[in-house]
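Laid out below as structure tokens are two forms of one and the same protein chain, each shown alone and named structure 1 and structure 2.
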Structure 1
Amino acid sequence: MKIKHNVGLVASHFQIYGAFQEAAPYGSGHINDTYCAIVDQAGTRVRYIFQRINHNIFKNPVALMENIQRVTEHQAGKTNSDMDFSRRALTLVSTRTGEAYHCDDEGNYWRCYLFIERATTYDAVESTQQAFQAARAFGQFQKMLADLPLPRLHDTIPDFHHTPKRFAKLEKAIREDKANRVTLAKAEIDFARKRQAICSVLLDAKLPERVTHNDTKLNNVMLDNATGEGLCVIDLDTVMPGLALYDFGDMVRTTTSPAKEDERDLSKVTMQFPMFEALVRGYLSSAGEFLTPEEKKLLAFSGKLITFEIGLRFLTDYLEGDTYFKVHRDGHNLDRCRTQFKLVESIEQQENEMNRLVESI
């Protein structure tokens, strides 16, 4: 990937001493531009994370940064007795004028985080231990934020997990067929339409609103290299009011199948029962004490629904001509949609056993 931005210039606006050395694109996110920068501080090469917020998607970067500042400060208040506190929650580096973000001449919003060393994110799960640790960390994150003082956080993307509205957007994309791709995605459109009825189940269940992460992909939690512990939840752009099950559902989506999100060999995409069990156990070990019986009953269902929902979003973006998610090849969004729908099918086949397992724990 080519560097598009002058990260050295951006870095000069932040409270970082020493000589800027270099920066390179980092991670595999679909939305923002993330860079890892190296700064020479008295002979030591220190890493920082710089991110350009995608303001086409996050329409109000100032409100978004206000959320992140409140959330990270609240977390810091709870972890600062721990020696390792700056690895257990993201730490924003302020600008030289004391702000949480820098707005450059082109209207791009930039933030900077301390780099969390000796920890790794994974695009695909490798062991039940990782699934357990990731789920425990996301549950702990929800628990930590349960007493975030008012006011309510900003909705950085309104109706982000409103599945019926996501479905309506798909129907609109089909009607408009802007990129002339509807005929290429006939099977996927049929698959989606057959399952429209599940879209409103979580909304109809009248579950409690909580502060949730809303993007709990496996690669949004850093696991400690030495111990494997779920160390730090990252990617806080969508932290806002939501349902606990949005978070659990996205863990099922990204952590039970051994395949990557854009795997083309669909025979590799399957809901592995031991991974689901590890997720349930990990999540309940931290979130179990505050979840209601209704929430617990819908844990398996939420995995199916959120996987279906993200599949709808990939399909919609494919039909609209790839304007939302970053793509790296032709048909990339359709490939991503196919893995999601394959996983939905795999969950459907095992849903009864998954529910029985949850009941038994």
Structure 2
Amino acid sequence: MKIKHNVGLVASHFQIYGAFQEAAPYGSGHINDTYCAIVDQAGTRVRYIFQRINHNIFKNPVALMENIQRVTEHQAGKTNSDMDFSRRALTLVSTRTGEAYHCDDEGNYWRCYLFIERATTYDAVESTQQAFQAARAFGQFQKMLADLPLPRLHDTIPDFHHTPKRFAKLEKAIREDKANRVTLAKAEIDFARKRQAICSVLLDAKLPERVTHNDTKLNNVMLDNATGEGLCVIDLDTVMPGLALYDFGDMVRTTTSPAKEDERDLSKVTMQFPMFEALVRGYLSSAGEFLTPEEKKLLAFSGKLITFEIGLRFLTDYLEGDTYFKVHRDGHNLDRCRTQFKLVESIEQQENEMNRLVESI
């Protein structure tokens, strides 16, 4: 993969000492440009992560970095007594002028983290134990930040999980029908409209606002290579105020089905109950201490709602002419929508059993 930027020049602006050796693209992220750089420090090859923040997606990189700096510093205060503290939370490396980020001559915003050694991320879940560990790590992340002092964090993406507004945007796309696709998506539109009533359930429940991650995919948790333990939550760009159940719901959406997000064979899409159970047990083992009874009661529902919401977003983008999500084939966003809606159906079929499990735990 081609190097797009002069990472060595970028590194020279950070408090990194030693001889810069090399850098290469790193990870599977699609939004930011991420590089692993190697620096020779007195004969030891030390690794760092450099990221160029995609300011076309994140319009206010300064506010975003203020969030990340506050969150990582608070986490450091919670983990500094742990012998493995440097692997329990991301550590920002400051610039030589003491800032959390560097802005280069082209207007790109860069940050640098210590590399977390002896740990790995996985793009797809391989076992219920991985699901348990990831959910436990995300719950621990929320727990550590439950007492983050004021002021409130910045909203890096306003109304990100405001499902009623997502539904209103879908209705607008239907009315305008810019891409002449409404007739092609009639079944999906009918599916969405029949479930409009669920959109406001979490907002109407008056749940407490938390600090939430908002992108709780398995590959945003680093698992220890030796033990499999969920060590560190990464990718903090969308950390902002929200509901704890947004995070749990997205774990259900991204972890419980064995099918890919754009799977065309919908017979492969199903909510696997053992995976859900692993998520519940892992999450409550760490987050259970601070969650309210109402939050716990809505755990299963949150999986259905967040899956439905992402389906709404794919359907809206399809009707608008594929202007937000990258597509690689005709009807790609409609395929994604159908996968989400099929998972919603699978959750609905098992929802009573899911609720009984939560109650039993």
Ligand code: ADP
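All figures in this text were calculated on a predicted structure; none of them were measured in a lab. C-alpha atoms forming the largest set that superposes within 1.5 Å between two forms make up the rigid core. Counting starts at 1 and follows the sequence of structure 1.
Structures 1 and 2, same chain in two forms; the form predicted together with this ligand is found in structure 1. Core-superposed comparison between structures 1 and 2: the Cα of residue 322 travels 2 Å or more.
Here residue 171 counts as shifted, since its C-alpha moves by at least 2 Å between structures 1 and 2 after the core is aligned. Relative to the superposed core, residue 38 shifts its CA atom by 2 Å or more between structures 1 and 2.
On rigid-core superposition between structures 1 and 2, the C-alpha of residue 186 is found to move 4.7 angstrom.
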